[in-house]
Structure formats: structure tokens, C-alpha cells
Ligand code: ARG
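Here's a solo chain for you in C-alpha cells, the form predicted on its own.
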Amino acid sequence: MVKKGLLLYSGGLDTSVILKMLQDKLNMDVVALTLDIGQEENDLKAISDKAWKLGAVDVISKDVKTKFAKDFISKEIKADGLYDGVYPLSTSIARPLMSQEAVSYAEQHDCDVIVHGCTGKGNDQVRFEVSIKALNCDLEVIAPIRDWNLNRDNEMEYARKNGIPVKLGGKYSTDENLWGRSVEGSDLEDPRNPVPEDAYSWITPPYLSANEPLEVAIKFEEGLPISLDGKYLTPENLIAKLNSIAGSAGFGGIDHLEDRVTGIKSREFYECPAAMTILTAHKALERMTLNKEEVSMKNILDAKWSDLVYVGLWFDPILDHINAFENSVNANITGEVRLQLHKGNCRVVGMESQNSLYNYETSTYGKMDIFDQSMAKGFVNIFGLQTVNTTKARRNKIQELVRN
């Protein structure tokens, strides 16, 4: 019986070769699915036309930028998502969205198999396959690049013999969506090298950016950005606009030597200008609106959230529990943050919130001070009692041992 497979199709060399090979090697009917998640260059019609010409039995193209921003990026903002404290998970959070869409369309088109173009070295194979199986464990998953040990040379030869038009890739391997762009390979593979100027695309290299600083104001409501410089925008449009503004100021580049799920250390260069600007503002506003214990617990759960998402466990139930906490605590994170962007740097220059826990009259050292300093002496004695008694008892024991 001929199997029917849904292929996550980008139109590039890998997935174009895979589409044809599935027909030749497995006699498979292939449904091609292309998703627009905010790639810089994404001609959906041209990609669809190519899939039809290569023999796909059906071709689906879908713009999912709104869903990406609303259901995925929003959760990352609330959780201050940063893997290793530096990388805003731009590629990681796109994979569960793509898996969700793939499973939905596979079910609608009676497909037995979902096919992706990931290698055996990377993280994405884990993210796709765990997500797909979590959503529908009856679907088979095939990864031809990994499972058939394909490489660029034999793919190019296969494409030439089968008349598959391919656009030669650039110097680097890149992946991009609304939330960020990742760059790897070539000169970046040697950690001794600085990030080359030609690796930049969304961001002006800081040393080439304008001398005059830029200032932006981001308004948040219950943890999510709703306006930029006083203008209310949809989440995807706000992110796109901020990518341009912050990128022009040289901000949002991340040079990261990271630990992949597969145990490999990989050097990646990420361009995430909007993501890093929004997360900087969000982190500042939560310091104003949450108390010490809330911030402390949030820091712990934020780090766990980021690790889970990076390794591909978006659909693990533990993430639902963490997201419930994040939704609860973010209900207080409302206000506006002003930031200055200059030469690759971003700093908060002012903020205000109706939920602010900052009290000027107890914090000031001026004449408006209402804090009763006479209470502090007793507090210090009680607060330090445990430490003082412990050190005293142990010092006395040491002295007794010395005497004996």
C-alpha cells in the first residue's frame, strides 16, 4: 500500500531533494506544507509552484505569524525566555508551532507519515519528533537527511540528475522567523574568530551604527507589549517594527557557544533585536511590579522554562504548570518602559506602572522620608541572631578544643 506523507517544505535544496526522493525510494504520495513564520524572504507562491512541479499531490501554504506571536512568543515574553541566560529561543519556539500545524494537516489529509529535513547533529530533530509524537503518537516520522545519511554533495548530484532547480546556499547556514535569525557555519566555527561583518543581516554591526542614540517606549499590559512609542500595534507588527529600529542601533546580536541537546558544543550567532529589547523592558518592569519572593521564584521557573523549550519539550505537561504560574504573576506586569538604544547597547532610562511597588516616601533620603529608622536596630538584632549565635557557639568549641 502506498503511504502518504506530509513534508515540511521550505523550497530549498534539502526539502526539494527529499520531496523527489520520497516518491522515488518509497513510492510515497507527498503533501507539501510551507509555513510563513516571518522569514525575511518567503515567496509562498514560488515555493508552492516548485512543490507542484516536483510532484506533490497537494500543496499547502499558510501564514502563521499571528498565531506564532499570540500563542508562542507571548509565552516566552512572560517567562523571560533565555537559554543559558542569553539566547531568546527564536528557533526553538517555532518548532512546536510547525509540528502542531504539520500534525493537524497530516490528520486532515490522511497522511501516515510526517517528514522533516533535519540532520542528526542538531536540536531540531528532537523538537520536531517529540512534539509530533506528543500530539499524535500514531504518526510515523521520517528524517531523510539523518536516516539516509544524505550530505550536500550527493544532494546536489541527485538534484542535477533529476532536474531539480536549486538555489545555491550562502556562506552560512541560517534560519529565521519573526522572533530572530540564527547563523552558523563557515568562519563562525572557529571560536577564535570574531563574528564577521558578513554574518550580520538584521542588525547593523555596532561599530557601524549611528552615533546618535535612539529612544523607544514600550507599553505592557499583563506582561505583554501592546504599544510602541504610543502607537498600539498587533504583536507581530510591533515585533517586526522593533526588529528594524533596534537592529539599526546595532542591538540584539548574540555570539553564543551553546550546548546542543545532542551533546555537541556549537557556536551560533543570533540576531534578535526585537526579542532582546522587549525582554530587557519586561525584566525591568517586573522588578517594579513584583515583590522579592515573586521575582525569586520567577527567576527559577524562567530558567526551567527556557531549558524545557530549548530541548524540545514544549508539549510536556510540566510546561503547562509553569505557564500557569507565569500567567498569574504577569497579571501585575503592566506599565511603560523607556529604553535607549545605542551602538549595540540597550538600557532602561525610565519606567512607570500603576502596579508599582516602589514607594518614594519610604525609599527617599530626603525630607519626605516617612521610614521610622528607630525600628531598624531591633530588626537587625533579630535578623542576625541565627548567624551570630552559630558563629559564637562554634568559635567557643574551637577555643575549648585548643585549651584541652
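It should be emphasised that the depicted structure is a prediction, and the values quoted were computed from it without experimental measurement. Residue indices: 1-based, along the sequence shown.
FYI, the form predicted together with the named molecule isn't displayed, but the following is about it.
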item: In the predicted complex, residue 92 touching the named molecule (heavy atom, 4.5 Å); value: yes
item: In the predicted complex, residue 204 touching the named molecule (heavy atom, 4.5 Å); value: no
item: Touches the named molecule in the predicted complex: residue 127 (any heavy atom, 4.5 Å); value: yes
item: 4.5 Å heavy atom contact, residue 218 to the named molecule in the predicted complex; value: no
item: Selected contact from 72, 310, 179, 251, since only one has a non-hydrogen atom within 4.5 angstroms of the named molecule in the predicted complex; value: 310
item: 306, 174, 280, 334 - the one with a heavy atom within 4.5 Å of the named molecule in the predicted complex; value: 174
item: Stretch in contact in the predicted complex with the named molecule, which is absent here, among 223-231, 179-187, 145-153, 99-107 (heavy atoms within 4.5 Å); value: 179-187
item: Within 4.5 Å of the named molecule in the predicted complex: residues from 195-217 (heavy atom criterion); value: none
